[in-house]
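The chain that follows stands alone, in the form predicted on its own, written as structure tokens.
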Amino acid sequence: MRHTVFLRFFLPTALAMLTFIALPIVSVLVQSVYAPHERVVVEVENCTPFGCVKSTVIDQEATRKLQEERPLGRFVGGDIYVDRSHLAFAELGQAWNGAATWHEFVRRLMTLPFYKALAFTLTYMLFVTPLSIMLGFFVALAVNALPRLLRGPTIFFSLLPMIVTPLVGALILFWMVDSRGIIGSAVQWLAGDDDLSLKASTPLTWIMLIVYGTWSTAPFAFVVYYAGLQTVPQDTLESAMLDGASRWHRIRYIVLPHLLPLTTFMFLIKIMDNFRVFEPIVSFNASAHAQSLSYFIYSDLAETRLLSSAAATSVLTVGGVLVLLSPVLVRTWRQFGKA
């Protein structure tokens, strides 16, 4: 393909990426180093026949003029990134110096909002990513081994988590884990505690969110793996069967290496998606026990209108995704470079 033809095909995509990805990221990065203007306060004296009283009021005109002159706000550099709501370097140093044991340091660390959100985000990603991929792979193997007559209905039921609206699916499970629901009642019966509630326990809430995340995202892995299984060389599989290879050996030495590029692709996609977990927390109303970085951003924007704080958290989230993806990207780069 000639360079001019390639540029004609790639130019619209490049412009769209620049407009909808690069420019917003640059805008968020700029906003994260500016803080809102402090309101101009003036002292006024109100006099009555009984005497004069001094008070402070906000000078609306001066504040508005200041905002018009510098709409981005006042430049603070990286101060927002290191304040208590984010990386909290000062509080982190105090926790490290004041903690006698590692357990105490972790306990103090979890009182800082950013690290508390980061802990849940990483836990959710580290569990949901491999579990959903493995579950999708095993379901794809099972469906691929079924007779053709049964594959259609089985595929339909396997895709139900993707077909059902995420909010509806989360609400159904939310009602099921309620103390009056089937899962909540079963857990109470098994534990022998009528007061046990999945919604009131932080560890149980995390487990519930991880289970839901695995169930709701596994169909994507199933679809990808099922399509990949159709491309596995049948001659190679038949030769292995004639040589006496068991089903496990055929999967290990033929199927898995063949599907390795798809596995790498899914790890990249799922790491990005799971690191930005947000909907399950809102759907399960679990913010009291689990907050992610994305929910942290939502809280700043929707509840307190702290745009600069939300921008700083967004930049840190993007940086975290890049750090997590870098080993896979470097490995892929080297693999294709050698090829």
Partner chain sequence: MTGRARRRPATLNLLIGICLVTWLLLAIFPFVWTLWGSFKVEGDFFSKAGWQNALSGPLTLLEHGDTFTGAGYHGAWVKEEFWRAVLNSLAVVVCVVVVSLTFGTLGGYALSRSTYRYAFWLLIVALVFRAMPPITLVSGYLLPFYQLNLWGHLPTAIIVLVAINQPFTLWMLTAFFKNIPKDLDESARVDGCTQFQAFRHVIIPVMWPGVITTGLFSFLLAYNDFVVTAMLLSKQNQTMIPKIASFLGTTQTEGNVMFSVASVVSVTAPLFLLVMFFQRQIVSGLTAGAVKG
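Here the structure is a predicted model, which is why all the values come from computation and not from measurement. Positions refer to the first chain, counted from 1.
What comes next is about the form predicted together with its partner chain, which does not appear here.
Of the candidates 130, 77, 71, 152, 152 is the one whose heavy atoms come within 4.5 Å of its partner chain in the model of the complex; the others do not.
Proximity to its partner chain in the model of the complex, defined as a heavy atom within 4.5 Å, singles out one entry of 267, 105, 115, 215, which is 215. Annotation: in the model of the complex, residues 93, 101 and 277 none come within 4.5 Å of its partner chain through any heavy atom. Using a 4.5 angstroms threshold between heavy atoms, residue 230 counts as touching its partner chain in the model of the complex. Put simply, residue 123 is far from its partner chain in the model of the complex: not one heavy atom of it is within 4.5 Å.
Contact check for residue 260: every heavy atom lies farther than 4.5 Å from its partner chain in the model of the complex.
Using a 4.5 Å cutoff between non-hydrogen atoms, residue 234 counts as a contact of its partner chain in the model of the complex. Interface residues of 172-186, taken as those with a heavy atom within 4.5 Å of its partner chain in the model of the complex (partner not displayed): 172, 173, 175, 176, 178, 180, 181, 182, 185, in sequence order.
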